[in-house]
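Next comes just one chain, in structure tokens: the form predicted alone.
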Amino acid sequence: MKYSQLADVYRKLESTTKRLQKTAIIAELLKKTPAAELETLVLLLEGKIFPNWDASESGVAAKLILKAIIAASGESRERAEHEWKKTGDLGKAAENLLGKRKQHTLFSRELTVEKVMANLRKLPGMEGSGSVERKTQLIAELLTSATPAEAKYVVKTVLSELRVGVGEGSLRDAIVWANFGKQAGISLEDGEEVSIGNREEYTKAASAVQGAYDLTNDFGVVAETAATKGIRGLQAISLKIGTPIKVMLAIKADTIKEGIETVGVPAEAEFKYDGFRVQIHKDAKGGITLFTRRLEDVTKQFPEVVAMVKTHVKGDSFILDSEAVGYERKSGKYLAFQSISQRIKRKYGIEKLAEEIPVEVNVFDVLCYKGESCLHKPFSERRKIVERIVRGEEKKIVSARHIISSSEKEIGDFYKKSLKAGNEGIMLKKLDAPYKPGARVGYMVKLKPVMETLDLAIVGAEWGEGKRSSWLSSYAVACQDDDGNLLEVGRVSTGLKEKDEEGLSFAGMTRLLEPLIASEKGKEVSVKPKLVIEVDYEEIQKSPTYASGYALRFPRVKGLREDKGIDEISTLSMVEGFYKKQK
């Protein structure tokens, strides 16, 4: 497919804020795309180079892309930097600079979707001497052949800044409309309302598409399967050990009574640990892989966990859901998440850090056992499997501590016991519920004694003044709407330290943010939305200043959430819910 066709779709998507219109635009594109090209096309529609479960990154900073723009446009560095600062958007700067190019070179050729993806996928593997020049050449090759509009979208894709409103909901529905719209009698009336002639067919198709995505985390695979094998093909997709799935999430309850009313009685109450989610995969050959909730492979960072699983969990193959929580080696007391978060990204000195900050793995669910999916089994059965196969050893690997009860008082006593042990609170779980990947459903709720914090993406910052002039602070933070669009909810910098040795510092945050800078305008910078921070606050207020319609009063950085991806940040509906509850 010609890249110009995709660029035209990007433009159409940018021109409307209406979700149904976006869905119709995407569905029409999917219909026209050959099945063999759907995986690539869908990834680029999402602004991605690799599927969610693939941690590969382009490793390309804005200044490297600026070099590629200069090479492709023939403009001077001074002129290119001026355009970047004037627009505050490197994609727009590329469009403007290449628009002044008098003619394409003899070596340029019409871009295709496949060519763009092929060049971009080579970027992560380029390291060492000369890698900057090779990366620059690969991007410049694309820009040389691109029209000005195409260049804008290529740059935004490399920078992970393509925001055209293609969220999970729009993509899921577009795949349904494109492949099963006729059977379901789907039509869009005046671009405003969708009509469904056969509700039963629509529900079956939508369920098959969502179910396949839950198990693959890859809409490209889902789109191709839907186009070539239909509903039966989608339903035949199964869990694959070694490919992580999104974990099931909990909703918040304010009281034990509210929690019990949500999940029913009897209910299981579990300790809620302040650690990070670990999905443990063991294949038939004995290979063990560990994934975080953002689908990152952290097997190398936690060698002791791999050893624990080998010696303490029975079974040839399985997928377990668990929480790894840090503890003090001397006292055995559990530590807050921030104490162990540094282990998630660590590449060197792993064994030393494992000795300094040990973890206990608390297993609470099983998704697959002996090659059979357990997702549709009731939780009570899944929990019995966990109890049967995990040979627990304190401060190594155990089944999460729990009770089953219908008594509000008994659950309340258990709640107090969890808090006394240094945990966040408790989870309440519905005994007959299936496992629903990636969803916040009423199958489990969490109870914590403090106001719920927000996990927000940093989308901008500001260079400081005086002794802080070399530091980025005043971080612009954003939540997400149902389509994955980022909406600012304020600025925050309180909570950081002056010195690295004191904890999360301004200098440390600056080191993390500088490679993500996408544009600068005076002291203001915009950054690629990759860094997630946990923020607490005194109050949520309505505000016309920010795109979300809300602002945080006295926000404070609680810490980094290196275990969470951008697609897992707090949603606008959460912010709205917390706002209403505080009133």
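Computed from a predicted structure; not experimentally measured. All residue numbers are counted from 1 along the displayed sequence.
Absent from the display: the form predicted together with ligand AMP. The rest refers to it.
Look at 312 to 320, 232 to 240, 213 to 221, 441 to 449: in the predicted bound form, residues with non-hydrogen atoms within 4.5 angstroms of ligand AMP sit in 441 to 449. Taking non-hydrogen atoms only, Ala400 approaches ligand AMP to within 4.5 angstroms in the predicted bound form. Ligand AMP in the predicted bound form is not approached by Ala184, whose heavy atoms all lie more than 4.5 angstroms from it. A residue is said to contact a partner when one of its heavy atoms sits within 4.5 Å of a partner heavy atom; Glu296 fails this definition for ligand AMP in the predicted bound form, lying far away. Shown alone here, Phe364 lies within 4.5 Å of ligand AMP in the predicted bound form, counting heavy atoms only. Scanning Glu488, Glu270, Glu83, Glu141 against ligand AMP in the predicted bound form with a 4.5 Å heavy atom cut-off leaves one residue, Glu270. Though ligand AMP is absent from this view, in the predicted bound form it lies within 4.5 Å of a heavy atom of just one residue from Lys384, Arg277, Arg172, Lys396, which is Arg277. Taking ligand AMP as it sits in the predicted bound form, the stretch 416 to 431 comes within 4.5 angstroms of it through a non-hydrogen atom at Met427, Lys429.
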